[in-house]
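Each of two forms of one protein chain follows alone as structure tokens, named structure 1 and structure 2.
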Structure 1
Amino acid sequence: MALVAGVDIGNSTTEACVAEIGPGGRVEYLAGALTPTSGVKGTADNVPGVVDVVRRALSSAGRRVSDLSAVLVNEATPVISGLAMETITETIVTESTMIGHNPDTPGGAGLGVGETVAFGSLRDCAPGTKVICAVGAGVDFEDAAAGINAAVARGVEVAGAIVHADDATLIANRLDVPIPVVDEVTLVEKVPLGMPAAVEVAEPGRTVRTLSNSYGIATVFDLDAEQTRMIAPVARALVGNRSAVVVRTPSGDVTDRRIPAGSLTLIGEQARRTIGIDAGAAEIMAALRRVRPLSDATGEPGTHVGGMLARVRDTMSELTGTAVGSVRIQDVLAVDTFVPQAVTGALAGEFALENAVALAAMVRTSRGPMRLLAEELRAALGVEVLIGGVEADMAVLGALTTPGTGRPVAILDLGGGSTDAAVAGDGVVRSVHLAGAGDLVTKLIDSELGLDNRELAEDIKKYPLAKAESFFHVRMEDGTARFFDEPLPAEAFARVVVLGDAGMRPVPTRHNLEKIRQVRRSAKHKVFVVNALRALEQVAPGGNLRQIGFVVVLGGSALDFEIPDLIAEAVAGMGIVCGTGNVRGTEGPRNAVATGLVASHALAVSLETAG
């Protein structure tokens, strides 16, 4: 009996499988182990992680390193992936034309239209004048309310108020005639005076209706068709707000500008195409299909995409000692998304969701660094180290240990930086390696929700959401209630929370639970489902997915609570049996490559014995 250890070095984790191989290639699997990958996959920096995971697997099996006959390592060629986000639209407001934000407690409700006037000038307004009062910094809420009441008593029609401090409710509660009051306008002194303006505050639980509608603004300010077209970006930026102010200035200009986001040149074996990033993800991916297989890609210098591709090349060059000019981009994935961007020229820190394109790129290099890794590993363990077959081929062999599978079988290995696919038919394995996986999903969630917190975005990706409705229960995203014996943390009350392994984590955003859930599922669909179909199409016989009988989903992302279901739903109409793998009937979607290395070695032993 020969004791061997199969080791799969991945981008994020390193996995080991310890087994005994008997006469005729009979395999008895003993144990497995998992540890974070040390260094970049496929480099000598992986040695400490491999040594650790092998020792842990042997310990679980009650064996020692000295008992090993060989360590089997996958062809872990380095894979470097990069991400870039290009914003392709921008809302610009000049001459201080718009205020539209969501203070927690605006005052009053309704729509008020009038001419802007400073609080100190209210006493000079003639009776019958319709005004919007701008209350600057340093004015006490009681003084503001008293001044407005005095003006109303003299016959001045105060239709609304714009306030610097967080005093809207305090002011509104002291007014004799209720008016809409928008507060927390930090640059209130820049509000142009003597200009037509409209203030709108919606009832609690509702959003503004008139100022978020281009034709509503046109009605208020008596705009013509051309002016209405110009004001449309303002209306769009105010959608979803509970309060808003629009001030019309004669020279004011509002534009929805497309930003030159640079171009991407895709170089195939037979064709070459250059496409602007601002054409959108669908056009970029269509161009990629037309030049496939991709030989290389370049980005326009001075743009985010050009910088990202240059960084990917430089990183791979440093890791492998390859000249930068010899590094080739193997695949790209473009995804349409939205990015909250500050509205240029607005007065209260307003944000608008602008169109953007996220781009993931990936390069691979030769197996040269693997030979160095194997030599150092041999020295560290004192055991023979064999470099096994192609990673995807080994994953297929491991996947076939899942109960209920059979040939032809396809595997989808969903990792952090890349998506692998392979199909095993009658003795032939076709495989493909594509850019874009879990890391890109995390980036999309982070940017679309405006979190600026990658760790929180990762938790939102991995775990279900809930809304804390009392100190002792939460409402889950599927509508069920979950009760607790101990009071919930004070910071979680009335917030959307993520229910992770480490406990409850509040999401510090004004987005409601349904919005966060929609962003999460959309990001997973745009990356994992799109990549799964793209990968299977490239490895399926004749590009026909219906020729694939079984799809086994493997890798860390296969442990996600909804990704496997999204993929299964996408391929269900093609007669494909799709589900999460259960390697050796015990390991779930993990350990497939490590198990496949052992199975491949056992097959070689049996053939050698038979020969």
Structure 2
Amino acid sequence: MALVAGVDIGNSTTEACVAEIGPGGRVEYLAGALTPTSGVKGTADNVPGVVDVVRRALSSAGRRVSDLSAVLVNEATPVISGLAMETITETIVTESTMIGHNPDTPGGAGLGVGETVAFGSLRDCAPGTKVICAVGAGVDFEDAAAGINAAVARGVEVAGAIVHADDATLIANRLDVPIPVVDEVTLVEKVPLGMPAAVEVAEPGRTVRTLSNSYGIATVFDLDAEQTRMIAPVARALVGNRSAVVVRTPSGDVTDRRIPAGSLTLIGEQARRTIGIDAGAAEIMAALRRVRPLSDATGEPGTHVGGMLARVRDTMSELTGTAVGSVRIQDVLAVDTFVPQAVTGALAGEFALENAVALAAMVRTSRGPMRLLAEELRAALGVEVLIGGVEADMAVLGALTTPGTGRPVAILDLGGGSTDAAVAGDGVVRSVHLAGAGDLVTKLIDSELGLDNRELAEDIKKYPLAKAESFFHVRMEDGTARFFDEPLPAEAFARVVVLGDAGMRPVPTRHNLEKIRQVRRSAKHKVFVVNALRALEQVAPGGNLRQIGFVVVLGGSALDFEIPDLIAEAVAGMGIVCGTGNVRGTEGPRNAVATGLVASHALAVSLETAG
């Protein structure tokens, strides 16, 4: 009987599996353990993590380090991924402006059109003129209402008002003639005066109809076709708002331009293609398919893409001690996304969702530093250390211990930085490592929701959403209610919250639950479903997914509450059995490589004794 420990050093966790190998290669698995990886995968910095995880697995099996006959370590080739995002459109407003506003409490309702005039100058307006009144900071609501009423009594047609403070309803309630009033416009003093303007407020529960429609704005300001084309981005930016203001100057010029976002050169073994980032993700991925297999990729210097690829290369060369020039980008994944950007030239700090492309790139290197790692580990534990087989082969062997699986089996290992796949057909294992995984999903959620908070984006990715409906209960995203004994904090009241392991976390945005859920699911789809299909297509016999009987989903992201389902749904049409792995029937989607190392070692031992 020999006691061995299989150890898998991953990008984020290090896992161990302790087993007894009997005569004839019979394996008895005793215990498993998991710990965060110390240092970057595949370097000597991993040693403390490995020592810790081996000790923990041994202690839960009731054994000591001195009982061990060997430690089997995976061939941990470090995979480094980098992410970059480039905006490819920009809305510019010149000599004209818009104020898109969506506070909870505009006043009045309807559409008012007139010339902008400051509240202080209202008394100078001649009877019969149509005006939009701009009420700046410091004007009390009773005074504002009295001033507007006095002007209307003199015959001035006040068609609408723009207010600095949060008191639109208070003013509207005190007017003799109802008009739409937009409030919480912090930069009201920047509204150009003496210009044609339109104010629109929708009834509660509705959104603006005229100013969010290009032809509506054209009708209001009597624009020709060319001018309407220019104003179209303004209309688009106002869609979904309950209130809006558009101020127009005679030589108005609003443009929506495409930004040259740099280009990416994909170098394949046979062909090479250069493609502009602004062509979008679909074009970039199509170009990648045409040059596959990729041997390297470069970005135009001075752009985000160029910078990111250079950064990935530098980090890798530093880690492995190889020259920067010999580090190769092995895969890229491009994804279309949106980024909230300040509208250039707008007066009130408006934001518009601009198109962007996110790019994940991946580098893989040689097994150089592994020998050093093995030596240090041998010294630390005082046990023989063997570097096991190729990671993908081991993962397949481990995955096959999942009850109910059979050959041909494919594994999908969904990690933080990369998505790996392997297929075991007739004795040969084919594998791929692809760029794009959990980290990219987090980044997409962060930017599309405009959170600017990676930690919160990570929580939104991992946990279900709920809405705090009272101080004592929340409504989960699936409609079920959950109650609490302690009253919920005031900042969570009526907000969308993430229900994490550590408790409840309010999401401080205006987005409703459905919108956040949709962004979360679409980010997972764009990365994991796309990558799953891309990966399986590359490893399936003859590129035919129908040749794969079983798909076992492994890795940290396989523990996600919806990613495995999204993938299963995507491959269901191809007659594939797909599900989350349950290694050795006990470990879930974890420990596959560690288990595979033990299984493979046992096989080698039995062959030796037989021979």
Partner chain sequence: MRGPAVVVRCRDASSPWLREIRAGMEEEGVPVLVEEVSEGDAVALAFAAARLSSLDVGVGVADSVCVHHAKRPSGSPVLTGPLGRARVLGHNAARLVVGIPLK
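Here, a residue number simply tells you its place in the sequence of structure 1, counted from 1. Fair warning: this is a prediction, and the values are worked out from it, not measured in the lab. What we label the rigid core is the largest C-alpha set whose atoms superpose within 1.5 Å from one form to the other.
Participant: If I had to pick the form predicted on its own out of these two, would it be 1 or 2?
Facilitator: The form predicted on its own is the one given as structure 1; the other form is structure 2.
Participant: Relative to the superposed rigid core, does residue 403 relocate between the two structures - that is, does its Cα move 2 Å or more?
Facilitator: Comparing the forms between the two structures, which are aligned on their rigid core, residue 403 does not shift its C-alpha by 2 Å or more.
Participant: Does residue 174 shift between the two structures by 2 angstroms or more at the C-alpha, the core having been superposed?
Facilitator: Superposed on the core, residue 174 moves its C-alpha 2 Å or more between the two structures.
Participant: With both forms fit on the core, is the shift of the CA atom of residue 379 between the two structures 2 Å or larger?
Facilitator: No, shifts by less than 2 Å.
Participant: Once both forms sit on the same core, give the Cα displacement of residue 205 between the two structures in angstrom.
Facilitator: Comparing between the two structures after core fitting, residue 205 shifts 2.5 Å at its C-alpha.
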